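Given next, in C-alpha cells, is a single chain: the form predicted on its own.
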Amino acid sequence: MSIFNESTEVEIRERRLHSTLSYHGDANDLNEKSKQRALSCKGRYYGQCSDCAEGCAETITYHVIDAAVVSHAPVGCSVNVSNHHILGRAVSNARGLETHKVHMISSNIQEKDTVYGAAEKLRSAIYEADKRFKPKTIFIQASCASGIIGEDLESVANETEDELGYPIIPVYCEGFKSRIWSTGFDAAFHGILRRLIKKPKRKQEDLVNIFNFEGSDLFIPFLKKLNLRVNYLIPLASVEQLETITEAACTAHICETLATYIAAVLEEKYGVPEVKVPAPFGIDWTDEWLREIARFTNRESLAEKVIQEEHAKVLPELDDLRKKLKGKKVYVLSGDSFAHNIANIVKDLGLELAGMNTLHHDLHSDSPLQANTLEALIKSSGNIKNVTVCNKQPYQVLKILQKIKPDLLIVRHMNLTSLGTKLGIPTLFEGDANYSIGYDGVVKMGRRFDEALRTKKLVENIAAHTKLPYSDWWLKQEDPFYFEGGIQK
C-alpha cells in the first residue's frame, strides 16, 4: 500500500501508526507489544495540560523563508507567534543568515463566523498576506474552529493560487482531530508534498537532506568532513530549497517522530533513499549514521577515516567523564524518538538509565524498514525498566520521579524543567535538539551532567522551600496512574 496519496489530509497517527498515549512497563515489553499492535490510544480521566497539532505545524510553516502563514482561526490560536518570531531571529543570527521574521496573519474567526462562515475572511487574509509580505508561498493553517464549521480551505486555496500565481498550501492541523499532537508535523509535510516540491531535474550526489527542528547548525561542519553539502530542513529553508529536496542523494532526520513521513514519501515517490538507522546520538549510533550516509554517497573509505579520527579525539575526555559520572542515575523525559536518542548517550557516559518517559509512542513506522529507535536502544543498552508513555502531565511525572529518585533529569520541554528542581533533582533542559549530536555531543553532554551534579545542594535548598500545587491526597497517592483510563501494562 502506498505511503502517500493525493487526499487533502494525512491520516492521523492513531490510525496510521497506531500511536498510544498511555503505557507503563519496560522497554522490551513495549517493543514487543508495539510489534503486535497490542496497545490502543486510550485517554485519561484528568489531564493537566496538553499541546496542539496546530502548534507542531507552526514549527515548520512559520520558519520557511519567503513564505507567509494565514492562521484560519480565532486570534488566540496564534499566541505562540511571538515565541517563534524571537526564536527565528535568534537562530538565523546564530547561523549567520539573514534575520528571519515570521510572516503570519490570523483570519480572526469569531462567534458569528461559526454560524455564517468565514471563507471571505480567509480570502481577505490571504490577499493581505500577499500585499504585506510578497511571499513565494502561503500556508493556510486550519484550526478547531475552521474544522468544526467545515470551511472549504481547498477551494479558497485553488482560487487564490490561480490569482496570485504561486502555491497556496492548506495544512489540515485541527487540534481536535488527533490526540497525538505530532500529527501536526505530518499535516504540514503533507501540504508541502502535495503542492510545493517538484520533480527532480537532476540528482546532486553530494547533497543530503536533514529534516530537523530549530537549533544550532552542527550538520554542515559535521558532514563537511565527508565533503557533503547539507539541505537543513525545514527551519530557515527557502522555498527554492524545498522545491528541490527531491534532488538530494539521501534523506536523514534528527528525530523519527518529526520526519519519517516525509522521508518515506521522498523515497517511495522520488527515489531519494532514507537513512534507516537511528540519528547520530551516542558513539555507536553516530558510527552507523555516518556509514549509512557514506554508502548512499560513495564515501565509505572516507567515513571510516573520519570515524577513527573522531574516536581518538573524544576518547581521553570521555574516559575521564565516565569516572566522574559512574553510578549516577538519569531519567529522560522527551518526545518519543528523541528520548531514545538522549538515552543512548547515557550509556556512553557510564551512567545508569533509571527510566524514561516519552510523550507518545508510535507502534510502527510509515515504512517497515525505517529505524526502530526503541529496539536499537534495547540492543545498545539492554532492557530499560520504568518506561512510561505520558503526554506531558506534570502531576503524573511528579509521582514517577518521587518514586524513582534519579540523580539527574533531562527534559526536552521547558515547562517541565522546573519540576525536577522543585523535587531537588538537578535538571538539564535539552532545548537545542542538535547540541548533543555526534562524537563531540557525547562529551558536551557529559560536561553538562558533571556541572549539573554540582548544583545538587542548590536544588535541594530550593526544594526544601517549595510548596507543590497539589493536594495532600495526591501527594500521598502510591499510584501515578490513578487517573489513567485503563492504563496499559
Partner chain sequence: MSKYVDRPRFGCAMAGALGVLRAIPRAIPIIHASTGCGYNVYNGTNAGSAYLGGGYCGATSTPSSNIIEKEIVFGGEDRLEEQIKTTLEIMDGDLYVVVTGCMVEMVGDDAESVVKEFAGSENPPVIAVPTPSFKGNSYYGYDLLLEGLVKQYIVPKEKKEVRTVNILGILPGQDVLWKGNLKEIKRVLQLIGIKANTLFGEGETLQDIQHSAVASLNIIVSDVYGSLTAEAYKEIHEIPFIRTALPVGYLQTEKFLREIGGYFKIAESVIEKALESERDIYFDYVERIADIYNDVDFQRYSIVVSDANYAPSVSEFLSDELGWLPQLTVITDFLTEQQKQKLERRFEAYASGLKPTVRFDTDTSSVRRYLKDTWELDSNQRYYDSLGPSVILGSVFEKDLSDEFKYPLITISFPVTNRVIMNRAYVGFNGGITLIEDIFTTLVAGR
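Positions refer to the first chain, counted from 1. C-alpha atoms forming the largest set that superposes within 1.5 Å between two forms make up the rigid core. On a predicted model such as this, the values are computed, not experimentally measured, just so you know.
Absent from the display: the form predicted in complex with its partner chain. The rest refers to it.
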Contact assignment for its partner chain in the predicted bound form, among I105, V156, V91, L321, heavy atom within 4.5 Å: I105
Heavy atom within 4.5 Å of its partner chain in the predicted bound form - residue from K328, R299, R179, K276: R179
Site check R295, A376 and L428: each within 4.5 Å of its partner chain in the predicted bound form by heavy atom: no
Segment that reaches its partner chain in the predicted bound form - one of 203 to 211, 414 to 422, 365 to 373, 283 to 291, heavy atoms within 4.5 Å: 414 to 422
Touches its partner chain in the predicted bound form: D51 (any heavy atom, 4.5 Å): yes
Any non-hydrogen atom of V79 within 4.5 angstroms of its partner chain in the predicted bound form: yes
Close approach of K467 to its partner chain in the predicted bound form, 4.5 Å, heavy atom: yes
Proximity of K33 to its partner chain in the predicted bound form, heavy atoms at 4.5 Å: no
Residues of stretch 130 to 146 in contact with its partner chain in the predicted bound form (4.5 Å, non-hydrogen atom): R132, F133, C144, A145
Is_shifted A38 between the shown form and the other one (CA, 2 Å cut-off, rigid core): no
